[in-house]
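Only one chain is given next, in structure tokens, and it is the form predicted on its own.
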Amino acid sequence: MRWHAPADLEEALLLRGVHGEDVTVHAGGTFLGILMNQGLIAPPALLSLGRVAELRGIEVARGELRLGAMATHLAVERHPEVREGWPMLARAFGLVASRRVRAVATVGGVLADADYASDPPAALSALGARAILRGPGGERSVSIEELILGYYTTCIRPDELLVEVRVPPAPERAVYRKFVSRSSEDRPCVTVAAAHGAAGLAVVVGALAERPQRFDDLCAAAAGDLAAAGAREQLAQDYAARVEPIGDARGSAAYRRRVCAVEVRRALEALAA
């Protein structure tokens, strides 16, 4: 296996453009390592971004949060500006696995892997985050819904790198809930990220299907009625009816559907409190 370790972003983009699909990007490596150890993939070459300092930054610019693709989960969880301005996001990253995993796993890695059973995608989607992709054709910005196409599949082209995630100013209220059916460090069975502000209501359900599930039409119809318990219950039931859950070791499809209804309702209660 060939190992490429560029010293800066320019070199990384050059190597990505030259090798394309013949090279697999190595960010944190927490999920990639599992796949390789289990023999599910055997990439001929790895492109490590570990030395690319430009991708590690976390900053707030003009009210927008900017997360470098190589910023670790632990760095996001502990960053004072994230904790103050986007506490829901800090919570979502802080609930991932264990501290050892969070110290290595990266923002770009968790999105580029498109692993359905991960915490951050749903939270980022609810907050209206966009991923910045860069390649020979320049830079493009895509929503989390546009980025994640299905199981371990994204819209990232073979000659592109995910370089940054940009999160708009935080809404007035936001909450993240994670339900695990086994140990507290296990990957989630169902997650719910909900946000309510000037842009309206957003509810995103994760970890129960191939990609985060959000139904903006349901949210738009219920946005003005969050104070009413009946409206919250109805929206929760509508979400549970529309999701298309899978079954795996963490729960059957039917079980996940029931959990979805409960967790959406609880998230909405937290928003309305």
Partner chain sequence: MRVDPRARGAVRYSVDADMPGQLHAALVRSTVAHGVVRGIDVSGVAPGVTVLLPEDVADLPLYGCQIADQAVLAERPRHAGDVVAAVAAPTPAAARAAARAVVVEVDELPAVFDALDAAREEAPLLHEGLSVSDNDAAYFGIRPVAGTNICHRFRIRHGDVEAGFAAADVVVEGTFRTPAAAHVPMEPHATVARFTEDGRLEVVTGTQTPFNMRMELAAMFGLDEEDVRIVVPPMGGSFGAKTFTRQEGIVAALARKTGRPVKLVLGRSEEFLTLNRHPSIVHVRLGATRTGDLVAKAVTCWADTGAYADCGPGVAQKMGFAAPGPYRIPNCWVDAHAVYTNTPPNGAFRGYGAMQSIWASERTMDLLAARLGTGPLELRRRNLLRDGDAYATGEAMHGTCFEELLDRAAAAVGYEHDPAGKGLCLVMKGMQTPSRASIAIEREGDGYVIRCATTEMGQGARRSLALLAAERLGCRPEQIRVPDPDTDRVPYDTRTTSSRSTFMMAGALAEACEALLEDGRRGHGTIVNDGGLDPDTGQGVASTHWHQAAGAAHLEVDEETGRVRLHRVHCAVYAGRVVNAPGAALQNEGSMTMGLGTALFESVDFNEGQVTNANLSDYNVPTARDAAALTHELVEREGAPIHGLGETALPPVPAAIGNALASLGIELYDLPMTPERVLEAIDRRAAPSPEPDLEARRR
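Numbering follows the first chain given and starts at 1. Just so it is clear, the structure is predicted and the values come from calculations on it, not from any experiment.
Below, we refer to the form predicted together with its partner chain, which is not included among the displayed structures.
Figure note: of the listed segments 181 to 189, 139 to 147, 81 to 89, 153 to 161, the one touching its partner chain in the predicted bound form, with heavy atoms no more than 4.5 Å away, is 181 to 189. In the predicted bound form, its partner chain sits beyond 4.5 Å of every heavy atom of H19.
Heavy atoms of L14 never reach within 4.5 Å of its partner chain in the predicted bound form, leaving it off the interface.
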